[in-house]
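Heads up, the chain shows up twice below as structure tokens, two forms, tagged structure 1 and structure 2.
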Structure 1
């Protein structure tokens, strides 16, 4: 198992390298420059040249990328152009908030999605299956920003139960305050992703319920609860775990739209602010953080496969 994980990490290094080069090229391909925002409209040519030289923007692009890559490998992502603070520190400050929101959203999605999938799979083509499948389609079709605004209008404006602006309150310091401030954005993301979870798990369960081993287990007199819980669910979890891992990675990587709606101080909102300010180092640092999260979550999902299905041979 350890050898397999190391091989996967080594295989992903070229992916990260190419991705970092793509991020660098994409940022520099965008029209405009952060220099104008820094020096102001009435800056003299000398001030502009001095700012360009100070930021290192007068060097060749590949040279800038090479020095940035070497620094990033040592944990130095450079300084933010706007705040002149280390990019790594700015990202680190937002990581706890993003992880808390990402895990909360995933839990909400699982709480809504798993029961819907199981009930739908056990009564296929029935009225309940149609109703729950319609709910899943609705959850997938409603834009998260619109759902977030509706939840704000209902729970914050009309009922005055929850705040319309979500602050980050660490769950280990104030559990109730964390629930109050995280519930609305977590519901917004969780309801959306529950539709994805329900669709994938329902399809996997329907495929497993038609297998011969299920018919054999029932013929031996096993209780339906044991057939579903001990046999069908375990085999159906493999494709489902992949989807859960990818969605959790996307949440932890930052949910730009939802964090903007609720002004939640996560990685997604930090990325929006960096793009607005054309803060190149901060943009590159945020995107690279998101890429690394995706890579690590993929490896974690592969490792979980061995515990879900011991028959998998990693060689």
Structure 2
């Protein structure tokens, strides 16, 4: 199993390298000089000299990339132009907030999505299925940022139950405060996630229910709930996990947007602030970080798939 994980990571290495090349090359595409992009317009000559020396900006281009990659691998992503603080530190500060949002919305998504999928699949094209499918179409179709605004209007503006701007309150320090602050963003993103689960798990279940082995299982006189629970579910997880893997991208995108709606202090908001301020070292750092997270999530999905499917030999 470990070998399989390592092999998958190894396969993704070229993609990561190429993508990092793109991220690094960003500063060359920006109007003006790359040094200017990296230190800002108000930098002192000394700062410029220091940056040029640190990143080897007077060396040949490929060597510069190598320099940048090496220092990035050592956790040195440079200094933010705005705050003059290390980019790595700025990112590290935001990680817990984003993780708390990501996990809580995943929980919301699972709690709403899985039962909906199962109930729909049990009576395909019946009235309940139609109603629930309509609901999942809404969950997927309503833009996250508009849904967030509607929830703020209802719970903050009209009912005044919850804050309209969500601060990050760590759940391990103040559980109640965390719930109050995280509930609306988690609900916003979680409804979207539940739409993914509901629609694609339903489709996977329906696909599997047509399979011959289901008829075999029924011919053995199994209870319908065992046919679903033991036979269909595990097979349906395979196409479903694939889709979930493909949807991790929109989940990350949704996190960025949700953080913006609730001015929630996560990585996504940091990136938006960086783009606003044309803080290129910070932009590069945020994107590289998200890239790595995204790749790791995909490896996790692959490993999960291999774990469920005995036909994949990961020895």
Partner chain sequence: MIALRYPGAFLGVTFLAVLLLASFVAPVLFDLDPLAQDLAAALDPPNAEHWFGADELGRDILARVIAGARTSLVTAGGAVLIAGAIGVPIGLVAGFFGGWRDAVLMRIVDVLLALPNILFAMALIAVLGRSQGAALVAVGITGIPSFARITRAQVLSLRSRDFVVAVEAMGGSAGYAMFRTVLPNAWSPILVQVVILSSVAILLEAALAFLGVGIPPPAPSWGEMLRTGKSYLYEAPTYAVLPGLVLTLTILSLDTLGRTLARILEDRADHAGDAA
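Keep in mind the model is a prediction, meaning the values are calculated, not measured. Here the rigid core means the biggest group of C-alpha atoms that line up within 1.5 Å when the two forms are laid on top of each other. Numbering follows the first chain given and starts at 1.
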For this session: Looking at the two shown chains, say which is the form predicted together with its partner chain.
Result: 2
Exercise. Taking the rigid core as reference, does the Cα of residue 288 move 2 Å or more between structures 1 and 2?
Worked result: no
Exercise. Would you say residue 47 moves between structures 1 and 2, meaning its CA shifts by 2 Å or more once the core is fitted?
Worked result: yes
Exercise. Residue 190: CA shift of at least 2 Å between structures 1 and 2 after core fit?
Worked result: no
Exercise. What's the distance in angstrom the Cα of residue 62 travels between structures 1 and 2, core superposed?
Worked result: 5.2
Exercise. By how many angstrom is the CA atom of residue 216 displaced between structures 1 and 2 after fitting on the core?
Worked result: 3.1
